[in-house]
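Given as structure tokens, the chain that follows is alone and in the form predicted on its own.
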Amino acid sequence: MLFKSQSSTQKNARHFQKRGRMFFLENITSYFGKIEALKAISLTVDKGEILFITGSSGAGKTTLLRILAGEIVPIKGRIQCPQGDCRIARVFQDLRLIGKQTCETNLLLSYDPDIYRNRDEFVYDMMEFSRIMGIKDRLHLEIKNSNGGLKQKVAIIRALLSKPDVILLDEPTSSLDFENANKLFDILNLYNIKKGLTVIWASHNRDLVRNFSGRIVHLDQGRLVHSGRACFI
């Protein structure tokens, strides 16, 4: 089942959010080739927080996400990441889908018996997410014959099916229209409220981010120039 009863999930979310910080970065500096992609970045992300990373192309958004994902080790600075059984899901621009397989098969391959009690429970959640995201009638299509929006939705659903504690998203709505972008945020926001999901979403689309609630971290040429509410942009 996607969610428990309202009273129990609210208690769980409150407990989750009281457990402190999820990430702590201090004076992080990182290079992309010879380019200094991040310059002395200091940032704390709390558990159960919704955080948007904004900035123009080349500002350092993807590099910051990859550091949080553990894919890049910074040249300088200190970082503390979640320990233990914390599950981190990623939806980066390289969607890593299997082109010769259908959308449904790509999702079914993500089944993890350590997360779900049985396969039926997994399939139920898969079909519910597919219904909510409006792709239930397109699961039979092969990824190689699917448009960018459908591929993006499959990657997002696959990430959510891992029941993550943290989800990192790099331009997750680049191939989605405004309605579907709002639908995605509604799903993430619901997971945030009910299960304490920490959401870290990188976007260059200021008009889109204005419509959502959450903290903004704005990067400019590798420097963190603002951390606050969305009214900044």
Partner chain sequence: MFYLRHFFGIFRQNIIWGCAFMLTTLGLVFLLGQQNFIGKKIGIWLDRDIPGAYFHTLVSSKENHSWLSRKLILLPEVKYVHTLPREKIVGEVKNILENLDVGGLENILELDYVGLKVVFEKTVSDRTQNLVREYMGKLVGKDKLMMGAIKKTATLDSGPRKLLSGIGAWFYPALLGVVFIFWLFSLWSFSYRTVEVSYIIEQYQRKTNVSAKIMLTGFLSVVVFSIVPTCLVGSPQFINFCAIGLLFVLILAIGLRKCAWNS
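Residue numbers count along the first chain shown, from 1. What you are looking at is a predicted structure, and each value in this text was computed from that prediction instead of being measured.
Below: the form predicted together with the partner chain, not depicted.
Partner contact region in the model of the complex: 85-93, out of 72-80, 145-153, 85-93, 132-140, criterion any non-hydrogen atom within 4.5 Å of the partner chain.
Taking the partner from the other structure, the partner chain in the model of the complex has no heavy atom within 4.5 Å of any heavy atom of E128. Looking at E121, you'd find every heavy atom of it more than 4.5 angstroms from the partner chain in the model of the complex. None of the heavy atoms of R117 is located within 4.5 Å of the partner chain in the model of the complex. The three marked residues, I98, Y111 and A159, each reach the partner chain in the model of the complex, with a heavy atom inside 4.5 Å.
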